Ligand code: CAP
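This document starts with one chain, in the form predicted alone, laid out as C-alpha cells.
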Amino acid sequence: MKYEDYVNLKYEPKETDLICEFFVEPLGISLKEAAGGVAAESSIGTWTETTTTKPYVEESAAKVFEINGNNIKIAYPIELFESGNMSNILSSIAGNVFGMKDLKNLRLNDIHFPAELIQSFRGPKYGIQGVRKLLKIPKRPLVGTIVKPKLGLKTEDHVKVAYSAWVGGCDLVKDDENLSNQKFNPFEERLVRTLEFRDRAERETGEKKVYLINISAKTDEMIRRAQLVQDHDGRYAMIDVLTVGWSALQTLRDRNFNLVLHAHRAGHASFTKNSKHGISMKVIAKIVRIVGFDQLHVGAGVGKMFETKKEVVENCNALRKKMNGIKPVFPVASGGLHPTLVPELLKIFGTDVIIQSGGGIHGNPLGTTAGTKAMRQAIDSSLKNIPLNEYAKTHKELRVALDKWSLE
C-alpha cells in the first residue's frame, strides 16, 4: 500500500475505532500523501511497499476519513492496540510520525478512545466527588498552595510554611515538581513532620487538610514512597506524570493505594505549546484521566502560563465530561495566580476547580497565613457576587493583596 491508499474519505468509523485529530503541514508532498503517510506510519505501513505484507494485514490499516484544510481525522482499528497499555497506544499514534522529514509540522490535537479501550484502564479512584467527600467541602472551589521557595528550604522551615498556609485557610499544600529526596529536605523526614503539622492545623481550624508530597522516582521507589504515605495516613500523593512515564503511572495506579493521585504536568510545554506541532494538553488530560489520576494542572487562562481561556476550557472539558463510567477529574488552575484573578478564574472554571497559588499567597506583604486568608476571602467575595474592592473594605488581608497586585 502506498501512502495515498490510507486515505478513504468514504469510510465511516466504527464504534470500536480509536479516532485521532491531527494538524498536518506537508513539506514537498501533497496534503493527501502527507495525511496518508501519518496513517500508514502510525499503523501498518512504511515508506515503501514490502513483500512481507499479507492481504489480511491490510484490514488493520488506519484510514484518513476526513480532510478539512490541514486538519485530518484518522480512524485506527482497535485490534492495533493492546488493551490497558497506554505506552503501546501512544507509541503508535504519537510515535515516529513526528519525525517524518516530509512533514513540516504535525500536531495531535485530540483523541477519542472507544469504550472498550477506556474500560481496560482503571480511571480515577476518587475523582471530583471523592476529593470533595474526603475534604468535606461539597461546593466551593478548593484552595491550594505550593511551598515556596520550591527548593532549598530545610525540613523545619518547609513545615512552617505548610502550617502557616493551612491555618490561613488552605485546603491543600503541595511540594513543587522538583522537590524529591534532597539532603536539605529528606523525603521521609518531610513526610512525617509535615503530616504532624497537618494534623495540628486540622485540630486548630476544624477543617480537613491535605499534604501533596511528591513521590516521583524510579517505579519501585515511587511505589515504596506511596506505601509510606499511606502508612502515615497521608491521603494524597503528587506525581510528575510526564517525566515519570505512562507505564510507571499505570503500575502505581494498579496498586490501588488509598491515596488521591495529583498529576503535575512538568515538561508539558515542550510539546504542547506549539499550536502546529506536538501534542495538545487536551490529549494529555484525557490520558491522565483514563490512566487513573484524580487531579491535573491544566493552565489558568490568566496568570503567567501561556494557555488561552479557550484552551483551558477544552482541557477542563476533557477532565469533566461524561466518559464511559470514568470519574471526572479535578482541574487545577496554577501559574502566577493571586486573589485579584479569582473572579475571572471562576468564570473560566466554575466552582469545580482547585486554585493553586504559590507566590500569590506567600507574596502577600502580611505573610503566608494572611495570603491564604486573602485567597479565601476573594473566593467568598466572588461566590457572593460582591466586588473584590467592596469586600476588601472589611477584610484587610484581601485589601493588602489588591493593593499589591491590582495593577499587575
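In case it trips you up, residue 1 is the first one in the sequence shown, and so on. Since the structure is predicted, the reported quantities are computational estimates derived from the model, not experimental observations.
The following text describes the form predicted in complex with 2-carboxyarabinitol-1,5-diphosphate, which does not appear among the structures shown.
When 2-carboxyarabinitol-1,5-diphosphate is considered in the predicted bound form, residue 248 lies well away from it, no heavy atom lying within 4.5 Å.
Contact check for residue 150: a heavy atom falls within 4.5 Å of 2-carboxyarabinitol-1,5-diphosphate in the predicted bound form. Heavy atoms of residue 278 never reach within 4.5 Å of 2-carboxyarabinitol-1,5-diphosphate in the predicted bound form, leaving it off the interface. By the criterion of a heavy atom within 4.5 Å, residue 336 is counted among the residues contacting 2-carboxyarabinitol-1,5-diphosphate in the predicted bound form. With the partner omitted here, the residue from 289, 190, 264, 209 that has a non-hydrogen atom within 4.5 angstroms of 2-carboxyarabinitol-1,5-diphosphate in the predicted bound form is 264. Taking 176, 254, 110, 116 one by one, only a single residue has any non-hydrogen atom within 4.5 Å of 2-carboxyarabinitol-1,5-diphosphate in the predicted bound form, and it is 176. With 2-carboxyarabinitol-1,5-diphosphate omitted here, the record of contacts in the predicted bound form names 264 to 272 of 216 to 224, 201 to 209, 125 to 133, 264 to 272, defined by a heavy atom within 4.5 Å. Taking 2-carboxyarabinitol-1,5-diphosphate as positioned in the predicted bound form, the residues of 301 to 319 that bring a heavy atom within 4.5 Å of it are, in sequence order, 304, 305.
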